[in-house]
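As a starting point, one isolated chain is supplied in structure tokens, in the form predicted alone.
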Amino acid sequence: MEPTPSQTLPVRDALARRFGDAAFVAQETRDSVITLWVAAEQARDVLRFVKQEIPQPFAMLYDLTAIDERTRTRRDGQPASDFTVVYHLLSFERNEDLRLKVALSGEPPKLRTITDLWPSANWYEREAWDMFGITFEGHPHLRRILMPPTWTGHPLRKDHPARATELGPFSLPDDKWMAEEEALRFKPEEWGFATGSGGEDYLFLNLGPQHLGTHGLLRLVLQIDGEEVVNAAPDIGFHHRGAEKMAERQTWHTYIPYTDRIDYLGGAMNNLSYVLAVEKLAGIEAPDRAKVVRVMIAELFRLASHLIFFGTLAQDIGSLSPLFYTFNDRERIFGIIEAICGGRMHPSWFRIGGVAHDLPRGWDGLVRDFLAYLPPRLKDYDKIVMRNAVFKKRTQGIGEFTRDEAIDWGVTGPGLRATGMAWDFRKRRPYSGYELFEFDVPTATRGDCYDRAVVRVAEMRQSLRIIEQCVRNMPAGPYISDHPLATPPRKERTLQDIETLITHFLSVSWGPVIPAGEAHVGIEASKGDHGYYLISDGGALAYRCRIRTPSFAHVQMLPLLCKGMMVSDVLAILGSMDYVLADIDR
């Protein structure tokens, strides 16, 4: 029998008993997550302890990232460091986060790998090396992951240029072009792949980066024996746009449109995790009407995203008609979004403290019409797709993973719930008023391609329930907070005194100055947990913006799912993962 939270020793006390009080330096953060600094030489032991030895362990490596501290001025007694590695851990039994920080100095900064503790650490450590130059000793394959193999420097260091205008003119002479092409050549021995077995050679097949089944610029190198996949190596980064770097040169407000383009099928849900994190940093509470409007728009985008997942998965299996049907349904959603927000896929409509403007007249009629329209369509899709014998044959028992494997690899959202774990951040950690809504958390059991579709189809029906409650119970009141960091002074006040006019001018031209601190907020996005970890140095823009995306964790799992499958199964697995390339590469 598992201990109840009241019977479980708090993690700080457990760590103090095991390693002593002197081993940690506590840090207060705006998000109230337990944040402890630990020495580099003890980091692995501490991480092993909280994952394997502590009751109700922190089983998931939710995120791993780094911070370049060299130009930071507001650190409030934190240990001195040139670079900081941040481990964000999640305990499902405790429903609690733990943030461990390790201070590093010297060049290059070095730390031991934890890929033997969490397989998901592989890509996270590669990213930290690629972006910050932090060497993880013992890593099985420490190489570039987002930047080209020939790239010079580490882009998220503060001394790396942030704009093209800071660099010289780009040129691509023939010799450089040939060198770039050669650098992209796949060398099996570098990945630990055997080139043959029993006197026969394996075939290496490039699936992508230009392939309909990869749903974007993803390269998957398959090591195949006949039609059987022996191994697979995902190659990402083709869609990398420096989204985290751009946050360091955009004000808190002007960065909002950039967030839309992360999971570009999730629309305003990208805004939500970002503005919630800024609000936590600034101590802003959105009004009730804004919270409910945000929930309604987020659930509409969840429907839009799941409909595209459903149609494209059917297409990948070989059924083309459902794709046209679901695209038509999504167009109806976009009609509502456009009427309310003024934009379609990327309305950039959420604001710090609320939303851009109030709901227009007639919005409720549009939404009610859609609530009546979609349920019969979902019943039709059950008949033509979910009960289709070919679809079942191609997806059932394919791409399976267990609950423990999902947690080890950082899987969240429908993929985790398809293994039977009813974990939904909207229920377990309600935000934006989700605790006021009645809805169920659909689950499945086998964790295969079919069950991942089952969960998403069921979630669409739950989203309709939530939206119906939004329409029925939409509160009156303001749509944005009157907090001075969210709303400039009213125009009539700026005409009365010069100080208010100056405040208005600075708020509009520079944007809000957010107090120094750091905070993380994750939401239950359509593909899994999508979170922003923001650090303010007390300025008008972020000192560090970390975007934790579900697709990055999920696609790293592909070699495990593809091994031993047929090449045709790989397309079903890719479609069932419901990733977006911009969500992976950022």
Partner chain sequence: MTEPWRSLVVIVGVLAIALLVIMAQVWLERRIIARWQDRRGPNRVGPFGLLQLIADVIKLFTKEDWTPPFADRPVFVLAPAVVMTAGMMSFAVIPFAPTIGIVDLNIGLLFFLAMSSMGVYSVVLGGWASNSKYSLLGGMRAAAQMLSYEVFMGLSLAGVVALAGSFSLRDIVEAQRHGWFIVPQALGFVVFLIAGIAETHRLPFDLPEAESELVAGYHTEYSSMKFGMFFVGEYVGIALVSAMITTLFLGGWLGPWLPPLAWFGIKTFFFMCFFYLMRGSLPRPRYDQLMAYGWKLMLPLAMLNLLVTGAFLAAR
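Residue numbers count along the first chain shown, from 1. All of these numbers come straight from a predicted model, not from anything done at the bench.
This protein has a second form, the form predicted together with the partner chain, left out of what is shown; the following refers to that one.
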(message) To test your reading of this chain, name the stretch in 290-298, 262-270, 477-485, 314-322 whose heavy atoms come within 4.5 Å of the partner chain in the predicted bound form.
(response) 314-322
(message) in the predicted bound form, does Pro360 come within 4.5 Å of the partner chain, counting heavy atoms only?
(response) no
(request) Could you confirm whether Ala14 comes within 4.5 Å of the partner chain in the predicted bound form, counting heavy atoms only? (result) no
(message) Is Gly213 part of the interface with the partner chain in the predicted bound form - any heavy atom within 4.5 Å?
(response) yes
(message) Would you classify Arg249 as touching the partner chain in the predicted bound form, given a 4.5 Å non-hydrogen atom cut-off?
(response) no
(message) Just to be sure I understand the contacts: of Thr500, Ser463, Asn388, Ser81, which is the one whose heavy atoms reach within 4.5 angstroms of the partner chain in the predicted bound form?
(response) Asn388
(request) Only one of His239, Arg394, Arg403, Arg72 comes within 4.5 Å of the partner chain in the predicted bound form by heavy atoms, so just point that one out. (result) Arg394
(request) Just give me the residues of 343-377, first to last, that have a heavy atom within 4.5 Å of the partner chain in the predicted bound form. (result) Arg377
